[in-house]
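A single chain, nothing else alongside it, follows as structure tokens in the form predicted on its own.
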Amino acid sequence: MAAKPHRLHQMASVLSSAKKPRMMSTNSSMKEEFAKHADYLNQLNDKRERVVKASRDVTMNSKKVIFQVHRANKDNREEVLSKAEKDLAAVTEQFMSRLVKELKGNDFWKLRRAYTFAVQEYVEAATFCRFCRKGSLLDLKEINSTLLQLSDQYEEPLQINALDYLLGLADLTGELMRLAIGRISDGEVEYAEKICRFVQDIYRELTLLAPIMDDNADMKKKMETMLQSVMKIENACFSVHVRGSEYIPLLGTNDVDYSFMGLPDFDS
């Protein structure tokens, strides 16, 4: 009877030693699996940080291009536009190229929220330059063709998607509104009317597209601002025709409460 506990202890030891390698193997494989996921997430987070930094440079320098274009008038237009186009080319080669490099491959969509605003600003600057130079719209295919040149032909390149392009166009209308008001102040009423027709066309087309866009919450907000821009340009052009040159000095007023049709100023 005294030997039974000893035998039971030996059997327990044998069973324990038999199970241990299997448990260790299971734990080891699980750790390896989760280690792979941890490495992937760490790499993705590091890439996101680099994308955010590159996006800030794209945004800041695209804004500089837009400000440069606004300096143009009937006397210095060629000089200013040439400088703005060179600056835009520098943004593409120096800053967009970094963004393209970081987002190469087929998973760049995962980081869209980190770079979408920079891309929208870049689209706004590029389309603004094109309109002021040729009076036409720079389409998505043309913009993406410039990005293809920045990528290795054997890698999947970053391509601006339709949503970011359209959001950039929505912002463009705000800059065109400011440009139109400035042109009227300088007496270029016909040019302002051309801008008005162009902005009306963009607004009309986006009105048809916005309801069927997948992620259209941002576009809905921009459409409200866009309508204000359209109304400001229309009212300014109409007032010049009705009231003539006496209306033009009002466009340069320093009264912060002054606005067209009683509407407040909205940033794009």
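Numbers follow the displayed sequence, beginning with 1. Just so you know, these numbers come straight off a predicted model, no measurement behind them.
This next part talks about the form predicted in complex with another copy of the chain, which is not shown.
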query	finding
Heavy atom distance at most 4.5 Å to another copy of the chain in the predicted complex, all of Arg77, Glu79 and Glu85	no
Lys221: touches another copy of the chain in the predicted complex, heavy atom cutoff 4.5 angstroms	no
In the predicted complex, residues of 166 to 188 near another copy of the chain [heavy atom within 4.5 Å]	none
